[in-house]
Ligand code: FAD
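The data below hold one chain only, encoded as structure tokens and taken in the form predicted on its own.
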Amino acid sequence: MNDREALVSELVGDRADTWDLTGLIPAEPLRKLGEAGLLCGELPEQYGGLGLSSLDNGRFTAHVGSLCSSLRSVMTSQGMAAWTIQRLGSAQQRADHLPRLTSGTLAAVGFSEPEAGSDLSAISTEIRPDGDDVVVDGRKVWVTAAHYAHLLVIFGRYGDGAAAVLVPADAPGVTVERVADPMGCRAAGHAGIRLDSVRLPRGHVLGGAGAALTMLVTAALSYGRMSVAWGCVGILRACLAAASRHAKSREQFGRPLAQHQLIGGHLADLLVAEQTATRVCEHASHRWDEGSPDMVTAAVLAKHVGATQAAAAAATAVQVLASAGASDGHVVARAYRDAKLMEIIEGSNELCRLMLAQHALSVSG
């Protein structure tokens, strides 16, 4: 275990169950991880980040995901915000805002709206120039970490194109309404955001304003998909560990569960799922670090494989533990709920399959 993993292990300890039940991560671990630059580890050192490769940051993300998917979700949100500013922001915007994300400021990214989920072309949030300012009106839903965020990265319509704008969470006209009782990642701070005539200096609009929406959101979503994929590897590892421990210690019919072939088959399936997701994530991170043209598709594939394998494996782990794992807050009970959410966010299973099908057709000749 390296120093990064040791720090997050110490901060989480045995508290993930409590965070899940209360629906809240305390401010102190978020502050410490933020100030250590661990919530957006790929940010370059010049902005106070660690400058990690996608592979190294992915492996760390998997460790966080094995401990607490809610914390990993906050980490994904912070990384998406940092990546968006790094990719779209001007030199001045990067210098002004990126160091804040490694010094305790928390951020969230708003894509989805009541009528714009998988179909982001239906986004109706408007970013309207008005003299030296812009005025933002709209509504975002299911924004991860918005409950904790100091800074909101909001995507919306901008003239005939689109833009991303940096909105302080305490700006006049901003209302953050927490999602009540989410099914999974209960402590991830999911919230809805209302933006009512929020006036901001025009310098808060990131570069690329007026470009096609798809062009602007692809970078942020690809980062998010990579982070979710590695987080699912963590879920798989947690399920494999919990099921293996239980199968070795629990006896039925005079022998440990692990010695019953059907239970052994479940453990084998868990191992195969964990190894499959890990290898696909490693492939995607290598493509990301190389700047390969197929990095976007590799991220979709990793996210889809990770999410589907994690959801199936969590169900298997619950089956192995039976009543021992059915208590609310137990690691496999959390995994069961959290993994299902992973099949929806950052591109549903169905949307991922459509994108992968399109890729298959494009390379089939």
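As the structure is a computational prediction, the values presented were derived from the model and not from experiment. The first residue of the sequence shown is number 1, and the count goes up from there.
Below: the form predicted in complex with this ligand, not depicted.
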Would you say all of V141, T144 and H190 touch this ligand in the model of the complex, counting a heavy atom within 4.5 Å as a touch?
-> yes
Taking heavy atoms and a 4.5 Å cut-off, does A277 contact this ligand in the model of the complex?
-> no
Looking in the model of the complex, any heavy atom of A357 within 4.5 Å of this ligand?
-> no
Any non-hydrogen atom of E10 within 4.5 angstroms of this ligand in the model of the complex = no
Touches this ligand in the model of the complex: L341 (any heavy atom, 4.5 Å) = yes
If contact means any heavy atom within 4.5 Å, which of 161-169, 282-290, 242-250, 109-117 contacts this ligand in the model of the complex?
-> 109-117
